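Next comes just one chain, in structure tokens: the form predicted alone.
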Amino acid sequence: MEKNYRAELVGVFGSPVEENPTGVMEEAAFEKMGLNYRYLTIRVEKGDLKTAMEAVRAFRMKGVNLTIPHKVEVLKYLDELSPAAEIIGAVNMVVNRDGKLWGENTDGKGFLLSLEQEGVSVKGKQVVILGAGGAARAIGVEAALAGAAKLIIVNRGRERGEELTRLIQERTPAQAEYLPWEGAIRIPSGTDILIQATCIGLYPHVEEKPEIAYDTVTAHMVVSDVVFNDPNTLFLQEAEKRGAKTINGLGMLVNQGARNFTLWTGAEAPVDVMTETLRREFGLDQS
């Protein structure tokens, strides 16, 4: 019997990308399922994305993840988009289907699943999102499609904030409002779910937190952060002090990673192994 030494390749393109732990999680899942796949963590600068996407085809990679700053730029190099990715206008993962590159956005779906796993639903809720970048777009659109009553987009850049607000208003059933982020923004009364969807607090800037009036965070709220490295962000610590239920970014990372795994391999992802691997990676207890 002939041996096959060729591994199937997947990976992530981004810059910076050195501290991205996705590969550790995906490699553990491949090993658990006995799949000869390798996950490559590749630094791709902004001007080099076209060449990198050509390499996906040339190397016959099964697909890639996209992270900062490529989630929107990559659209021009893809052949097809999922319906959600088309509305969101950003992609965080690509599947290579016999040379045709298909883009999906698993960020929002992974985030909503992480809420559901904590017993939290967005249906009928008022949701405030800090930021209007790729993660905010994915979460905002998916929350709107899942039945959120109203989304309030808080962003320093008016153009991007208003653009996301219009997108939600025009393409989903939810109401949306833009709130300029000027100084320490006060979280609107009636907010059920507060989501930190910027990169503030991401390693190595773990001492940073968003500029908001933290006295407007209440025990009634569910407060979540997309930042996963370090998952115990100062933002969440401040919310916890005020009695809010907090949900860190690990669940979102695992859930979108599990979706990626299945789209690339066709196999069901070993979510428990992926979760345990990340918890070990971040030095968290296993309880």
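On a predicted model such as this, the values are computed, not experimentally measured, just so you know. When you see a residue number, it is the position in the sequence shown, counting from 1.
One more form of this protein, predicted in complex with a small molecule, exists but is not displayed; see below.
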### Query
Among 118-126, 199-207, 183-191, 143-151, which stretch has residues with heavy atoms no more than 4.5 Å from the small molecule in the predicted bound form?
199-207
### Heavy atom of each of R156, G249 and M252 within 4.5 Å of the small molecule in the predicted bound form
yes
### Query
Among I195, A132, I212, L112, which has any heavy atom within 4.5 Å of the small molecule in the predicted bound form?
A132
### Query
Closest heavy atom of F228 to the small molecule in the predicted bound form, within 4.5 Å or not?
yes
